[in-house]
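For reference, the chain that follows is the form predicted alone, supplied as structure tokens.
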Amino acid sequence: MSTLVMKFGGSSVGTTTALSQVLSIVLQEKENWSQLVLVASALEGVTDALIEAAHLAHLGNQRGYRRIVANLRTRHLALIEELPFGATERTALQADIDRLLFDMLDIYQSMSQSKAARAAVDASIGVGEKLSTRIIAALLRQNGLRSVAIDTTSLIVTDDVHGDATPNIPLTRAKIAQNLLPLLERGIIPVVTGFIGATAAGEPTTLGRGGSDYTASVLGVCVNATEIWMWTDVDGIMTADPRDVEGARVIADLSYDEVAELAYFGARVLHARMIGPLRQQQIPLRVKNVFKPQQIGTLIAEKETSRARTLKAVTSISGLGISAEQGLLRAPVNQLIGEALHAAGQMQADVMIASQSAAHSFTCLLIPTSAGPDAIHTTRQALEDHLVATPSNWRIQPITIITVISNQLQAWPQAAAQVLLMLGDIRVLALALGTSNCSLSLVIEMRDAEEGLARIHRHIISSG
């Protein structure tokens, strides 16, 4: 029996045109697969709006969070009005949306009156997925498909790290066997909320930014999926982010290791943590364009056996560079940095490169994209506040980490030489070859990021 898990991102569900494409794809694939499972993100921009509303609620700004909720209600109801629903289905959907939003207002009211637990925050910012899945499931039913929306609070069991939870696969597998597999056996297409889960005690959690990808991966593993398809608004995984570099091209295939490194080092097309479960169970993953479903996209599968040496992609991510006079330190550099991050609650930063000599030290912190747009500033502030008391001449500066992706880099030293040659006069603060043997990272000053990325990408295209 073949099972396909399809995840639709926010740009794939936010308009009537996009939802029409979703419907067409599901109708087509229903004929090709024994079972389908759909995972949906919130409409584009909705989760960010909900995060802002939660922040305003913490500040007691009732007018601010009510305005955001009113705008979200208007947006979702307008989308429903534009879709070809019957009167009964439309009325039921409107009532469902109002119920979810009123419940969320109650949470925000509680936040404004007292310091709410992180579980309450997660419960509020996960509502976007609940809204989108109900619309998609209703659209499928309207077109003759048996479908139901399911909240993953009843499926995915996580730890209690609110805002960046990790699923417990054995407990999740048991929940899925109880609440999801019977639906598939009856020919029902479940439309599952991405991004959210719950602890074993039932407290709502979220899986971090881009967590709907992670949801699709976990579901795929637990239902023994044949394949997983990620539907987005680009043609596949590209040689560089087309928003940053001109002339980016689709990559036909990547290994699990290569795409995991791409995601970790800033590529925004996939969640970095989703690859691990797929690699363990050898489930192929395909990234496709929802508006061009006939195109094959990018296939991610087991590492290719070909020994062809080709630079496949380049990506970039922001970070912080920390330098100090080593002779004046009373504790190892990494220990001091770890203490600073822990004290400020900024543990999402990763030490990527650490270098020490007799006189100096340099440490590079990578700030994951999942940490949010303010993470660089807040992490820098936390470090400066903590390290100011240490007897050393610290210097903290924003940096960019540019990473080149290819297989077998350890056996291909010429690749590093070529990349450094392409950078020319751009100063390299540090470099590292990843332990996965498929990533080469170079730390440069932020002011040189755009030019450095463009130079390396031109080399990838010309040599590929």
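Please read all numbers here as calculations on a predicted model, not as lab measurements. When you see a residue number, it is the position in the sequence shown, counting from 1.
The same protein has a further form, the form predicted together with a small molecule, not shown here; the description that follows concerns it.
Novice: May I ask you to choose, among G321, G297, G210, P204, the residue with a heavy atom within 4.5 Å of the small molecule in the predicted bound form?
Specialist: The option sitting close enough to the partner is G210.
Novice: Looking at I401, I405, A57, A42, which has any heavy atom no more than 4.5 Å from the small molecule in the predicted bound form?
Specialist: It is A42.
Novice: Only one of these stretches, 258-266, 148-156, 135-143, 211-219, has heavy atoms within 4.5 Å of the small molecule in the predicted bound form; which one is it?
Specialist: In the other structure, the partner sits against 211-219.
Novice: My question is simply whether T47 lines the interface with the small molecule in the predicted bound form - judged by any non-hydrogen atom within 4.5 Å.
Specialist: Contact check for T47: yes, within 4.5 Å of the small molecule in the predicted bound form.
Novice: Verify the contact flag for W231: yes if a non-hydrogen atom of it lies within 4.5 Å of a non-hydrogen atom of the small molecule in the predicted bound form, no if not.
Specialist: W231: no, not in contact with the small molecule in the predicted bound form.
Novice: According to a 4.5 angstroms non-hydrogen atom cut-off, is Y108 in contact with the small molecule in the predicted bound form?
Specialist: It does not: once the small molecule is placed as it appears in the predicted bound form, Y108 has no heavy atom within 4.5 Å of it.
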